[in-house]
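In structure tokens, one chain follows: the form predicted alone.
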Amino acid sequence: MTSPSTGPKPGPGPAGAPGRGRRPGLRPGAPAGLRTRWWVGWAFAAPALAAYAVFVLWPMVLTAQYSLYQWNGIGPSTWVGLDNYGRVFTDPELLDTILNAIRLIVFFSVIPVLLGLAIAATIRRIAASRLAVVARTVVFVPQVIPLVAAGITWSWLLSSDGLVNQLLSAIGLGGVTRAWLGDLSTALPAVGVIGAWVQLGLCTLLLLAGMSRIDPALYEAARLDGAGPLREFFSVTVPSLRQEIGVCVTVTVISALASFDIIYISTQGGPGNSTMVPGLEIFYQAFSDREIGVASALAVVLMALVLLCVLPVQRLTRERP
């Protein structure tokens, strides 16, 4: 006769064991409630998903479709396959717009991130003073100014008789003055300076917020090891800001590649095509030249370029487990 303590024990019933039809750790009646909460969650998300599908996904699908046709936006369309894409990569004017956008990454992304790191580190060191509050406000002001207003203001400042040239003349550098936005050699860098000025505030505040979560014990340990301020910055601060730097680079790179407002207001793509970028070229192709297919193909190429630049940054700056 088998002893109750050593004999086989009866298997747990459906309500006592982690059954196949429900998740471990839930009460017997949880699956029905879980299903209810699942539908409630989707019901709350449905309006946002519907709006995203209508205003983002569907236009993307239509853009990809239009890129395969030759169409003036009014009359019948003609199937041309990948010819529009071939034109984007073979037409020097269209190809130059992409190269200009890539050049702007230096001004819109690299400069604001590097300056933002330096300014944020400086503000962190004087965080207890009122000067830090003033510095944060002044640096962030360009971010809240409408880009149209910023473009108009900088157009005045960089004109041939603007404040920048007046200051240069006042310090004896009158020989280098010029219409900065009207010169073929300086128009694109001048637009880049405007973009860097706009992006600097956002990068600084994001990096400053990241610095506030760094454990002070890391700095204390670095000081005990004899590290100076510069060594602390490169050995403690910068490695701890991997995710914040990734966000800054992502936002600013997208802003550089998709730039439109500042350039349209300040130069409209000129002089010549020296400041023409894909966003502005798409606008002109679609609404001035009535080349909907070419504009759509350029838009698809621009989207692919954004993903090609952003995804590696996200992968490199992702927090490692």
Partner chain sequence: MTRSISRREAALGFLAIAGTLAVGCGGPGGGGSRPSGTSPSPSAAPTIGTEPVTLKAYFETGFPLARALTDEFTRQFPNVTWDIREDQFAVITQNAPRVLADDPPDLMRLPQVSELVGDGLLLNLDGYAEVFGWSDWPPSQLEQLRVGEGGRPRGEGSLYAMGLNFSMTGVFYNRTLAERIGMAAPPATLAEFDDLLASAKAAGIVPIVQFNGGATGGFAFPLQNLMAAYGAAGPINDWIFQKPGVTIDTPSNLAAVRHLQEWIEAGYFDADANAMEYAQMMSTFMAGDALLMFNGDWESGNLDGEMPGEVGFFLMPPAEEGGPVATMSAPLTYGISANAAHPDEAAFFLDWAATDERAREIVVEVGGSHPMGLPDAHMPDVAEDSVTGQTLAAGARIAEDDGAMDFIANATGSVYAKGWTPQLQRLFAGDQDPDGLLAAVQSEYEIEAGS
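Superpose the two forms; the largest set of C-alphas matching within 1.5 Å is the rigid core. Numbering follows the first chain given and starts at 1. What you see is a predicted model, and the numbers here were worked out from it, not measured in a lab.
Below, we refer to the form predicted in complex with the partner chain, which is not included among the displayed structures.
**Student:** Mind checking whether each of 66, 75 and 184 has a heavy atom within 4.5 Å of the partner chain in the model of the complex?
**Tutor:** Every residue of the candidate spot has a heavy atom within 4.5 Å of the partner chain in the model of the complex.
**Student:** Are any of the heavy atoms in residue 160 no more than 4.5 Å from a heavy atom of the partner chain in the model of the complex?
**Tutor:** Answer yes; at least one heavy atom of residue 160 falls within 4.5 Å of the partner chain in the model of the complex.
**Student:** Please check if residue 283 has a heavy atom lying within 4.5 Å of any heavy atom of the partner chain in the model of the complex.
**Tutor:** The answer is yes: residue 283 has a heavy atom within 4.5 Å of the partner chain.
**Student:** Please check if residue 89 has a heavy atom lying within 4.5 Å of any heavy atom of the partner chain in the model of the complex.
**Tutor:** Close contact is absent here: in the model of the complex, residue 89 is far from the partner chain, nothing within 4.5 Å, heavy atoms only.
**Student:** Look up in the model of the complex whether residue 71 has a non-hydrogen atom within 4.5 angstroms of the partner chain, and give yes or no.
**Tutor:** Close contact exists here: in the model of the complex, residue 71 approaches the partner chain to within 4.5 Å, heavy atoms only.
**Student:** Only one of 233 to 241, 75 to 83, 198 to 206, 143 to 151 has heavy atoms within 4.5 Å of the partner chain in the model of the complex; I'd like to know which.
**Tutor:** Looking at the partner contacts, the answer comes out as 75 to 83.
**Student:** Who in 249 to 287 is close to the partner chain in the model of the complex, meaning a heavy atom within 4.5 Å?
**Tutor:** Sequence-ordered list: 267, 268, 270, 271, 272, 273, 281, 283, 284, 285, 287.
**Student:** Using a superposition on the rigid core, decide whether the Cα position of residue 42 changes by 2 angstroms or more between the shown form and the other one.
**Tutor:** Yes, the C-alpha moves 2 Å or more.
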